[in-house]
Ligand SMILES: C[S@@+](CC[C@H](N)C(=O)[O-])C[C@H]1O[C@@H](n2cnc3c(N)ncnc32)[C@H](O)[C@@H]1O
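A lone chain, given as structure tokens: the form predicted alone.
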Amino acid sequence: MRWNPQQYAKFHNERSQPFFDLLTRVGGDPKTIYDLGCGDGRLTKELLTYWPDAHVTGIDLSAEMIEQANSIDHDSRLSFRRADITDFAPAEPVDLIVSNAVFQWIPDHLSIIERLTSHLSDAGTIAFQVPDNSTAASHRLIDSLIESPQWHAQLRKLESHPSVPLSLESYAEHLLHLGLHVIAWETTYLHILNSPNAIVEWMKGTTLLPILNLLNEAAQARFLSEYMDLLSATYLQYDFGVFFPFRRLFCIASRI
């Protein structure tokens, strides 16, 4: 799947807040940090603000994102490389593994999380956030279009649609069974966007990507137009814009 760093970055402030909310509850003084699914690297660089003595490595499968990340101004404490986190294995124990809105793209990601914890140092921590907005209208309307007669034939091969995250309790239970100390919570962010069209632009940066990749330009325009009509009929337009609630799950699991 080809990612578009510019499209994803259109809502940088809104997408960044969960990352910072996650980091504020991570303790310790990690020296080796990996950011899995680092995207364009801008948030990865912020890890050095929290832990200036650390060495931070950003990992992403997208060549476009890694190219963008390598273009930012950084120092010897920060590096980026392309790799698939489903079989990623660091060469040495890691003090902190961070993942922001990535695991929902991976089927059976509990097994990935379990394997990653095996690479933590004796005082290591894994901290991750996954969006869980699958029951929101913005996502349900996409699902209804995918299953509709006019689109099902073209989209039945869809493979990269984000999987539905597990419950917060399921993540916590699994991590506790691994013998880790767990902090887990959820937050619904109430974003205020300009219009229903802004929701389309938001979704084009993530959830709509694998769908649009299967369609030619004309079909993309039709799909987005139909989606826009459904959103306009569902999200109330106020003089200040539209409310766009977005739920996210957070877990921090440490060896101590």
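Just so you know, these numbers come straight off a predicted model, no measurement behind them. Numbers for residues come from their place in the sequence shown, where the first is 1.
The form predicted together with the named molecule is left out here; the points below concern that form.
Only one of 25 to 33, 58 to 66, 192 to 200, 224 to 232 lies within 4.5 Å of the named molecule in the predicted bound form by heavy atoms, and it is 58 to 66. Within 4.5 Å of the named molecule in the predicted bound form, a heavy atom is found for every one of L43, I85 and N100. In the predicted bound form, at least one heavy atom of W105 sits within 4.5 Å of a heavy atom of the named molecule. Taking non-hydrogen atoms only, Q220 never approaches the named molecule to within 4.5 angstroms in the predicted bound form. Although the partner is absent here, P210 sits far enough away that none of its heavy atoms falls within 4.5 Å of the named molecule in the predicted bound form. Contacts of stretch 20 to 41 with the named molecule in the predicted bound form, defined by any heavy atom lying within 4.5 Å, are made by G37, C38, G39, listed in sequence order.
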